[in-house]
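Shown next as C-alpha cells: one chain only, the form predicted on its own.
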Amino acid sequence: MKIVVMGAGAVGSLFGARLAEAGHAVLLVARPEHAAAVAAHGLTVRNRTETVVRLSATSELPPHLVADAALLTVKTFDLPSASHRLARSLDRPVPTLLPQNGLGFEEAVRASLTGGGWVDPAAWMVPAVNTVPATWIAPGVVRAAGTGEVLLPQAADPPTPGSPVGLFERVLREAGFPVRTVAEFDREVWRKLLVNAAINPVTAIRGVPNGRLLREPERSEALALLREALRTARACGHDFSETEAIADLDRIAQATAENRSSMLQDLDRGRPTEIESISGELVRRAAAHGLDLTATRAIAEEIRRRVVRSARRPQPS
C-alpha cells in the first residue's frame, strides 16, 4: 500500500517507520530539516537497539499525490490547514487516520476536507486514541519511548477488511502496533483526555519525563488536574470513578516513564502546544456546566505565557 503521513513529527515518524518495515510504501511529510535528514540518511529509530529505516520524505505535499491511505499526525492547531492541503493534493479521497489529542477538532477537519474537494469526508475519517509514545530527538532521529496501543471505533457491524476502520486495524496490527476496536469510543477519548490533562501540563511546566509524576511534588500537581478533569467528564456524561482515573494515570506514567510528553517537547522547541484542545477545552466545557477549574485554568495560562516567551527567543537555525 501507498501511505502518506502528513505531519511526521515524533509519533508520525514512528508510525511511518513501522509501516515501511511492514512493506508499505510510506511518504513522510515533515518539517524541512527532518524531511531532508530522512531523505538523505533514513529515519533512525531508537529503542533498546537502533534501527535505520529507509523511506521517502518531503517537506511539501506533491501535486496529484497517489496514495491508498493517510495518517494526519499534525497537532490539533494545524489540523484544518493540513486537512485542506491533503485533500487538494490527493487524487481521490482515501481512509484517513486522526490520532489527535483533545476534543472538538473533527468538525473542523470535515469542513477542511470538504473545502479541499472531498465528498462525504466523514466516511473516510477514522478517529483514533493513540497511547504509543514517541520522542523527537533530532532531525532524522526519533525514539520509541515506551508501550501503548491504538484504539479505533467499533462499528455496529464488524468492519470489513476494505472499510477505513478495517484497513487501519489490519495495517497497524501488521506493523506491530497493539490495536483494539472499542464500542464506547467517546468514553475512551475522554479517558485519554483525563490522563493528558494531568500529564502534559505538569511535565511541560516542570521539564520532566512522564515517570516523575509517580513521585512528589509532581504527583500531587497531576492529581489536582486529574480531579478537575474528572469533574468535567462526569458533568458531560462520562462517569469515571476516581479510582479508575488514578489507575489510568499511574499505568500510563509507568508505561511511558522515559517519554517526554508532546507538550514538553513543543515547549523545548519553542513551538505552539495543544493546551487549547486539552486544558482549554476542559475549562470551556466545565464553564458550560457551571464549574470553575482553578488549577487547570492556572496551569494553562502558564503554558500560554511560556509559549509566548519561547516565540520571542531567537531559534537556532
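All values reported here derive from a predicted model rather than from experimental measurement. Just count from 1 along the sequence shown to find any residue number.
If you look for the form predicted in complex with pantoate, you will not find it shown, but the lines that follow are about it.
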| property | result |
| --- | --- |
| Interface segment, criterion being heavy atoms within 4.5 Å of pantoate in the predicted complex, picked from 255-263, 27-35, 286-294, 49-57 | 255-263 |
| The single option of Thr96, Thr76, Thr232, Asn196 touching pantoate in the predicted complex, heavy atom within 4.5 Å | Asn196 |
| Residue (of Lys192, Arg85, His238, Arg227) lying close to pantoate in the predicted complex, criterion heavy atoms within 4.5 Å | Lys192 |
| Residues within 4.5 Å of pantoate in the predicted complex, restricted to 210-249 and counted by heavy atom | Asn210 |
